[in-house]
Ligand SMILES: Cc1cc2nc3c(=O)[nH]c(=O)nc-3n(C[C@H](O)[C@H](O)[C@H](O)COP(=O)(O)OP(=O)(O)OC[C@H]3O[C@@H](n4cnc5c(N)ncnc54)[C@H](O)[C@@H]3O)c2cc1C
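Next up: a single chain in structure tokens, the form predicted alone.
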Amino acid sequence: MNYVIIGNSIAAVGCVEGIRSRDKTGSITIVGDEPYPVYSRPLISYLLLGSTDEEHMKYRPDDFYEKNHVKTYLGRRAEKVNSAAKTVTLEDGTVLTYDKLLLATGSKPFVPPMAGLDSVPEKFTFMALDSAKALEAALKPASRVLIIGAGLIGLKCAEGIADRVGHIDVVDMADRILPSILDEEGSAMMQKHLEKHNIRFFLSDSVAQFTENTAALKSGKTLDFDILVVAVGVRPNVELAQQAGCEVSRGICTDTSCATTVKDIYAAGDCAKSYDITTDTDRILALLPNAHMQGMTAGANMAGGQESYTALPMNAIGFFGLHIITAGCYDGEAYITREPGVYKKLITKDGLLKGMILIGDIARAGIYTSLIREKTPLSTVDFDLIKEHPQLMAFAKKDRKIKLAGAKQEGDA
């Protein structure tokens, strides 16, 4: 069997491991447009922060490819997929043939049209290692940095450079920070925390016009800056999938086996849609643990397995020592507790725990995520106890061992 993987990503690693769990001898080839071995993108901000280095950003050891008998074409872009001929053509004309193909093409930064953007001399995105290196080279102790985007990417960038520049301004059209994962109260709490670290926010606002080192906002405010970072979001890389004839609806459409609508082509990671168990919908969930599991499912099935993958939206992130874990959806009845530096919101609906937001105290979060993932009827547990103190004693004895294993797994993630 001849396997080809486009994208040297976390999903690609999962795919290799999935294939090798069933097929020890088939040929595996990875094509990646970055020249580096697979690395963990969420660690880019910690590289700028100085708390990690390129060696420790590697997602797998240096011998991963050799041990798994993987041939690599790194720093090479795949330009064309011919699903009828089952070929992949690289930018230099190299043609690879496949029996099974994985599209793990990830996503790219979205840079919206903004008047005068071309006039800004020092502008960067913040998703790839080379982007982070270019930004780092431009930083100076007195630099005034403007970040467009108050989501996960923009705020991790702010954290990474806050102690290395003069000040940071963050502009976002949304009325709060981290709007994709936090409610209004949780967002306000995190904003106050971030503002203690040399970061100012201009929300419900956007740039009307750039002129070199000045941004005129639609509100009438004017911000001066030396360095601009555009972090408003990402767009999945679906061009090769479209070229191959795969169904695309924002992301690449897949079933629970991670197969696309074209025979022998699979998709995984940030480019692919997956089934969200909490909303009962197919959508993109650009999360590292999900990418690996999705890739592993795809690999196992490419090698003849019958695995199934469903996703749980979950974020585990922190800013300047204050940690957040969110999971599931927020449609339902809310139970909220507040303490200094701590915010907990549990959402229930139809007798199930559907979602959660934990800020500050994230201990035993795995028990909550286990309840969400497994759709455990709350009538079968002591939920009043779990709301206040998540602990195994709230479960029936026969379930404790299973729940404990699940909680440890979620916590490790």
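Remember, predicted model here, so these are calculated numbers, not experimental data. One-based numbering along the sequence shown.
Below, we turn to the form predicted in complex with the named molecule, even though it does not appear here.
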- Counting only heavy atoms and a 4.5 Å cut-off, does the named molecule in the predicted bound form sit next to every one of Leu47, Ile324 and Asp361? no
- Task: Would you point out which of 139 to 147, 331 to 339, 69 to 77, 212 to 220 contains residues with a non-hydrogen atom within 4.5 Å of the named molecule in the predicted bound form?
- Result: 69 to 77
- Message: I'd like to know whether Pro289 contacts the named molecule in the predicted bound form, with contact meaning heavy atoms within 4.5 angstroms.
- Response: yes
- Query: Any of the heavy atoms of Ile19 lying within 4.5 Å of the named molecule in the predicted bound form?
  - Reply: no
- Message: I'd like to know whether Ser107 contacts the named molecule in the predicted bound form, with contact meaning heavy atoms within 4.5 angstroms.
- Response: yes
- Query: Using 4.5 Å between non-hydrogen atoms, is Asn237 touching the named molecule in the predicted bound form?
  - Reply: yes
- What residues, if any, in 41 to 55 have a non-hydrogen atom within 4.5 angstroms of the named molecule in the predicted bound form? Arg41, Pro42, Ile44
